[in-house]
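Listed next as structure tokens is one chain, alone, in the form predicted on its own.
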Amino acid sequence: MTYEELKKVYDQVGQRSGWDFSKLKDEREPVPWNYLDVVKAYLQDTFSVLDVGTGGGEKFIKLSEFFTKGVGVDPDPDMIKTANVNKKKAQNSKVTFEQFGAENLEKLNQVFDLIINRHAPVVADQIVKVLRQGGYFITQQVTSKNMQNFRDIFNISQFVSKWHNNLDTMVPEFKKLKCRIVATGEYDVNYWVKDVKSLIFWLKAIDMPKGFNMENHWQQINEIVEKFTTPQGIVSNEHRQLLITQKL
């Protein structure tokens, strides 16, 4: 496709709202767990729940029917604004949203029965400080091998986070803090976006590479489409890790 054609698609897809990816047409191979189902298995209707890195609160609001009250935190003020809009639309009185980073959870001055975290920073000592005795922490993380073929095209080195969100670092950290490792999991499966519009929306939404735009990256988009288009769509990989731990 020409630059002009790709730029037209780029302008048409617009911006995502919060972490709403409903515009994305995609498919993946079967996976061994579903994040929401895992969390539901640990919820009780009497629980207070903290969602660290809640984004626009989309998933937290869906989960709220299974607990008494919850707090969703995110360091991005725009995400918190979106979460409050979503809360109002859902007429939900169980959850509140506050602007906090993962490194400042103790400033909430609350203790929670369950803490959840999806694709967001984990600071183990902060999690433990606001988790009640016997409470559980559940996190699903995106790994450095996620979307590896796209990363290669964009010449992006392995993702490195200052929070070290992977099992190799999180498991020792939580063990050191006297927590029991209940379960870990990992999967790496094929993932397809169905068309160029979905591909551009996806990359624009997650800002990959940093500062993604058509002026600088239209040739790489064409290379991705040329190399990785299959009968099921444009293929990459989805790599996730899961950790469930309990405060003793």
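From a predicted model like this one, the values you see are computed outputs, not experimental measurements. A residue's number is simply how far along the shown sequence it sits, counting from 1.
Quick note: we don't show the form predicted in complex with a small molecule, though the next part is all about it.
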Which one of these stretches, 172-180, 86-94, 67-75, 147-155, sits within 4.5 Å of the small molecule in the model of the complex when only heavy atoms are counted? 67-75
Note: exactly one of 120, 124, 138, 131 sits with a heavy atom within 4.5 Å of the small molecule in the model of the complex, namely 120
I'd like to know whether residue 19 contacts the small molecule in the model of the complex, with contact meaning heavy atoms within 4.5 angstroms. yes
Evaluate residue 59 for contact with the small molecule in the model of the complex, applying a 4.5 angstroms cut-off between non-hydrogen atoms, and reply yes or no. yes
Contact of residue 79 with the small molecule in the model of the complex (heavy atom, 4.5 Å): yes
Is residue 103 a contact residue for the small molecule in the model of the complex, using a 4.5 Å heavy atom cut-off? yes
